[in-house]
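Have a look below at one chain only, the form predicted alone, in structure tokens format.
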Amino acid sequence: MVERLGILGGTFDPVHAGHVAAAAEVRAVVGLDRVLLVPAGDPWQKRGTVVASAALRAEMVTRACEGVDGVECSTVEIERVGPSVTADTLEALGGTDRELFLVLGADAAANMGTWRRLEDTRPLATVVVMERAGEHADPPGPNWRWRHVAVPRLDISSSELRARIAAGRPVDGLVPPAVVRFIKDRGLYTSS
């Protein structure tokens, strides 16, 4: 039996309700067995802007996935030394017993031309582009397995959440409750 496995990577600084809702929607629409949320260990395209450590971001993702059927955290990128590169992650997670689906937002899909090892990525997975109202992305070239999935539009961004927390404003409802508690307990994203 071949497992249909979705991989949704990101910085998740912090993870929020939009990430979890999108993963659950893609899992249902595409018919995936599981979707792994994969926090970037060394997000080379965001160096200097990541606030929480990789270990803290992985813990937040683990807590966000609790109770969500078929959505889990994977620390594969955190366990690997060096920059987080999608082809490396897909190679680590692949196998003859798995069919991989790389889940991307339309913005990330449109940015694929800047990726390291882009051509190595193409044969490793079907790309599933999550599109919200008004968003669209096309493959970066020919011969990509490419699929579009409409997901609910939840206008939440991690940078806005960090700003809200720093200003002492609530993020309840925008961030899963277990993650809100973890952020408060650890004093993450506060200005002090």
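All residue numbers are counted from 1 along the displayed sequence. Quantities reported herein were computed from a predicted structural model and do not represent experimental measurements.
Just so you know, the form predicted together with a small molecule exists too; it's not on screen, but the next bit is about it.
Taken together, 53, 176 and 180 are entirely out of contact with the small molecule in the predicted complex: none brings a heavy atom within 4.5 Å. Listed residues 85, 78, 108, 93 were compared with the small molecule in the predicted complex; 108 is the one with a heavy atom within 4.5 Å. The partner is absent here, but in the predicted complex a heavy atom of 132, alone among 63, 148, 132, 164, sits within 4.5 Å of the small molecule. Using a 4.5 angstroms limit between non-hydrogen atoms, residue 112 is distant from the small molecule in the predicted complex.
By the criterion of a heavy atom within 4.5 Å, residue 104 is counted among the residues contacting the small molecule in the predicted complex. The small molecule in the predicted complex is not approached by residue 143, whose heavy atoms all lie more than 4.5 angstroms from it. With a 4.5 Å cutoff on heavy atoms, residue 30 does not count as touching the small molecule in the predicted complex; it lies far away.
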